[in-house]
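Okay, so here's just one chain, in structure tokens, the form predicted on its own.
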């Protein structure tokens, strides 16, 4: 993990309240792995005080230089400030941080993303494509206005399944329910080495974990948590996990953000 003063290459709106930012970050891009994140100072000084965590969407080559792309949504003052930044502006970034996805050799994979959770999944999909496995990509949002990154995943060859709350795009149903329906269509023999990878709101992750357990499919989840320091010091991002016959609180920024669904205690 290193601190960088990067330059913003681009900062563009891609959907309602959602933006793509590309950063000149050669030293960071070389070490980034799927599921890791960066911790960004959104203002020019200590206001707002805390950095904001953003998944690394992908590593790109822009004009011969390495860059990283993050996808973010305006949810408060910090991200509102971020949306006002322009190409050429300097930005203070810590990264890459955290532990990403453990990529095995699955024959079939189900990537489940809710809203801005898509940001944690594209680099993962790129690596899975290299392993020549079948990828089912599930994305959920409130409406078509909030659907992001669909064409990027489609270009990788993923089978796309969109779910929206109002039915304005794709299916009008919850992602875990649609995931369960698709799994039922696949012969059990083909699911023996299948894996589910997910990122999104906690209620969606809980339902996805239940679907994975019922189908007896291994499942990894990138958790979205409010973080203070991003390096495991402040204890603000803990999640309750199993530890033998008891439990422990794991810091998402240090032990995650990716954890096995089977170790999380859902409350």
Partner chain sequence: MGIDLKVKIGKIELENPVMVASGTFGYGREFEELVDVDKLGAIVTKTITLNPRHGNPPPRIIETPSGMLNAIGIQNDGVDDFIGYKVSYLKNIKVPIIASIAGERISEYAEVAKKLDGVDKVAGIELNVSCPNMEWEVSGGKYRIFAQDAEAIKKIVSSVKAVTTKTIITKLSPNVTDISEMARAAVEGGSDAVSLVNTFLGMAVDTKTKKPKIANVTGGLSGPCIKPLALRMVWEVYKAIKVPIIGMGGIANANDAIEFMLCGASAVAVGTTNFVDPQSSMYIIEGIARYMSDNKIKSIKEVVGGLKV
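Numbering follows the first chain given and starts at 1. Because the structure is predicted, anything quoted here is derived from the model rather than measured.
Quick note: we don't show the form predicted in complex with its partner chain, though the next part is all about it.
Asker: Might residue 174 be said to contact its partner chain in the predicted bound form, defining contact as any heavy atom within 4.5 Å?
Answerer: Heavy-atom contact with its partner chain at 4.5 Å: absent for residue 174.
Asker: Could you confirm whether residue 62 comes within 4.5 Å of its partner chain in the predicted bound form, counting heavy atoms only?
Answerer: Heavy-atom contact with its partner chain at 4.5 Å: absent for residue 62.
Asker: With the partner left out here, check for me: in the predicted bound form, does some heavy atom of residue 233 sit within 4.5 Å of its partner chain?
Answerer: Judged by the heavy-atom cut-off of 4.5 Å, residue 233 is in contact with its partner chain in the predicted bound form.
Asker: Taking the shortest heavy atom distance, is residue 209 within 4.5 Å of its partner chain in the predicted bound form?
Answerer: Looking in the predicted bound form, residue contacts with its partner chain do not include residue 209, since no heavy atom lies within 4.5 Å.
Asker: Which pick from 219, 205, 227, 28 sits with a heavy atom within 4.5 Å of its partner chain in the predicted bound form?
Answerer: Going through each option in turn, the one that passes is 227.
Asker: Residues 80, 214 and 262 are flagged as a possible site; in the predicted bound form, is every one of them within 4.5 Å of its partner chain by some non-hydrogen atom?
Answerer: Not a single residue of the candidate spot has a heavy atom within 4.5 Å of its partner chain in the predicted bound form.
Asker: At 4.5 Å, heavy atom to heavy atom, what parts of 50-83 sit next to its partner chain in the predicted bound form? List them in sequence order, or say none.
Answerer: The stretch touches the partner through 50, 51, 52, 77.
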